[in-house]
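Only one chain is shown below, in structure tokens, and it's the form predicted on its own.
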């Protein structure tokens, strides 16, 4: 009991964020210096390190876009308070993630082996993927993906901000219509991006589950990030007026669900390939069972699945900030390791290139610092949550409704939802 009391006491201490205001600029400065040094030393290695960092932050922005789309598709009430900062994260897809793709676009001929094949028709694996795996196809699909992401993220954010001004119902209906089309466009573009930019490193490999695999990991790490941001905004009072216990419980439950979903997709891909025993499929895993990649694979199995799975089983732990904060940070580490497991073996088949770990960190610091800086600017320029969303009262734990003509009478009442379980980490 004393240990649990210590956890509660530590979680209840108020957060002082003033010391972190210069962190984005510091990350940008250190990251830019390290990335430039890596580019001068080995431009190809810089390209792979940059690709790992890029795919990591792309997964965060795409995961946020998915949460916004799902919110409108299901007309969710509990997620209204967290929707605004998810919209801001999703809006980083353009132009900031598009700008971050420029080094990959410039270095693509050296990063992707299929671009160096003289006769693609003589290569069966490459011929089967035409015209996608061609230079025009690569750049045209890239432009299409960023164009669609720009339209989805900025349209949903623009309509949401317009709703703050007049509260008109047509904004809500418009966002639902965009989400109905957007969920299909999202699935197609995410799959194309994962296949072309990451799976395409080993173009000979065939897998029909790779897009879902990247999607599962993206939403997983985004949910951990959303939980952490929600907790911070609650503790500094920004979202305190509109939060209820069930926001943290639902985010934690979704994190638990995507922990299982990711493991299911990853295991299914491995099991199907292992069972079929076809050389054009098995070689991808054969490479990743050699050298230190074997141990990285074990880290993913136990750290990406078993640890968070067991950590999220109990309901009360989903509501304990002192327990969830390290777990949310752990999701970043495991997702990054997972992406390195997918990208680095193409050039370093013997194991993870620890001698270049500093370059991986520098690229991540540069992209992360730029995105954090832009996110804070967006968040500080607009209301922190949708002010006139019709489901805001429900999100706070109340339902207001007006009805008539029930048994010949008139109803005008307010029902309060039953209070959820107590939040240990400073909740209501």
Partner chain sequence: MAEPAKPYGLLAEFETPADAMHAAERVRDAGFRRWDVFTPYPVHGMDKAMGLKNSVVGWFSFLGGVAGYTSGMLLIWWMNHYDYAIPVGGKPLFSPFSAFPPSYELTILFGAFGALFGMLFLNRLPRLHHPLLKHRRFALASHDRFFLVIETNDPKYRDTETRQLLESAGSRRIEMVED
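Only a predicted model underlies this, so the values are computations on that prediction, with no experimental measurement involved. Residue numbers count along the first chain shown, from 1.
The protein also exists as the form predicted in complex with the partner chain; that form is not presented, and the subsequent description refers to it.
- Looking at the partner chain in the predicted complex, residues 183, 192 and 207 place no heavy atom within 4.5 Å of it.
- Residues with any non-hydrogen atom within 4.5 angstroms of the partner chain in the predicted complex fall in just one of 279-287, 323-331, 124-132, 74-82: 279-287.
- Of the candidates 274, 358, 110, 173, 274 is the one whose heavy atoms come within 4.5 Å of the partner chain in the predicted complex; the others do not.
- For the residues 117, 301, 201, 317, the 4.5 Å heavy atom test against the partner chain in the predicted complex is passed only by 301.
- With a 4.5 Å cutoff on heavy atoms, residue 267 counts as touching the partner chain in the predicted complex.
- Mapping the unseen interface onto this chain, residue 294 counts among the residues with a heavy atom inside 4.5 Å of the partner chain in the predicted complex.
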